[in-house]
Ligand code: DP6
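Here we start with a single chain on its own, the form predicted on its own, put down as structure tokens.
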Amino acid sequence: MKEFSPITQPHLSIPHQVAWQSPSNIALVKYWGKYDPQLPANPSVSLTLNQCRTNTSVWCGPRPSAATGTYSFEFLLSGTPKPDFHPKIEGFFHRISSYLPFLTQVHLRIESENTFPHSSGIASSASAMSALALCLWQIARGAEALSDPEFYRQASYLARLGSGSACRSIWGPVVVWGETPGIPQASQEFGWASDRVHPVFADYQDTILLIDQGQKSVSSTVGHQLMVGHPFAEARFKQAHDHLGQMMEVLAQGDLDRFIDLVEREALTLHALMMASNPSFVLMKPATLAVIEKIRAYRKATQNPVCFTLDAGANVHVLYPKSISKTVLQWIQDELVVYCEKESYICDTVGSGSSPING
């Protein structure tokens, strides 16, 4: 990646407002464990989603003379001030301030809205931090920079410093993060979008069953830290490299049987690592396990290539090709929705990544 110099003043005159939408993503090969500064202990690959996204606008204006503290900003989620989020945003600003030192010289009004429940295992930090990074980077670089591919790679770099998986939400449909043999383009510092994607995965379906819409009992940040000294850490990191190489072949060739095998093994490995850590924690719910058993039984009975994956939460992502979406969605409504909290679920599909919001 080209080095990018600190930008001491926003490129655009202030006051100024920009807005971006950025999607969540679901990892197929999971990243679990990290080290400073927000670098992955193992590589990962994800499918970028489409409907599950964060819409963020940032108004940048003069810093009030009465402002105290290093940074002057306000944050609203769905129109409501959320001071509880300020420490995380301040931490992000601190990590990117060497690239955007003007952050200490302005006032920011950040307004975000999610299309899905926050902190329930659908990677809200990935969509939120990538959208915020893109807004700040556009303020710094100017609208003309949006035609430069380097703009997005640098935005991915910045997004990673807010949330590791956020670097994968910039592009779609398949994004790799983390160095690994056989993929020289892959980097620890930003996401890389693969151009070898079989057509079957270009519009793959993801129906997200909202088993539990509440906030997770243990944050992903804490979970990543528990990989330090984990008894299975080294074996897991080696497995992730092996699985990533296999998964990239699968995604290029469209081999759905191998896809199902790898995706489900990765999902269960992630939760096994949580349960084997010290202290251990269990994020799956009884309904999560019931849905997994239902999916496997349905696949065996019908031979339809339907599989599940899980993020760091109780919710289940049901993955399947678009060609069988009508049949599978009817089955989901008939058999699986009953396990969802308030019978809530989200129908999503693979998407192409982030984009500016004009207005």
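It should be emphasised that the depicted structure is a prediction, and the values quoted were computed from it without experimental measurement. Note that residue numbering follows the sequence shown and begins at 1.
Quick note: we don't show the form predicted in complex with the ligand, though the next part is all about it.
Exercise. Which residue among 38, 325, 304, 309 has a heavy atom within 4.5 angstroms of the ligand in the predicted bound form?
Worked result: Only one option qualifies, and that one is 38.
For this session: Report the residue, out of 187, 125, 277, 115, that has at least one non-hydrogen atom within 4.5 angstroms of the ligand in the predicted bound form.
Result: Filtering the options by heavy-atom distance leaves 125.
Problem set entry | Full three-residue contact with the ligand in the predicted bound form, heavy atom 4.5 Å, for 265, 269 and 316 | The answer is no; none of 265, 269 and 316 reaches the ligand.
Exercise. Looking in the predicted bound form, any heavy atom of residue 331 within 4.5 Å of the ligand?
Worked result: Answer no; every heavy atom of residue 331 is more than 4.5 Å from the ligand in the predicted bound form.
For this session: Would you check, heavy atoms only and a 4.5 Å threshold, whether residue 224 touches the ligand in the predicted bound form?
Result: Heavy-atom contact with the ligand at 4.5 Å: present for residue 224.
For this session: Verify the contact flag for residue 59: yes if a non-hydrogen atom of it lies within 4.5 Å of a non-hydrogen atom of the ligand in the predicted bound form, no if not.
Result: Because no heavy atom of residue 59 falls inside 4.5 Å of the ligand in the predicted bound form, the answer is no.
Problem set entry | Any non-hydrogen atom of residue 320 within 4.5 angstroms of the ligand in the predicted bound form | Close contact is absent here: in the predicted bound form, residue 320 is far from the ligand, nothing within 4.5 Å, heavy atoms only.
For this session: Have a look at 162-170, 256-264, 136-144, 77-85 and name the one stretch with heavy atoms inside 4.5 Å of the ligand in the predicted bound form.
Result: Looking at the partner contacts, the answer comes out as 162-170.
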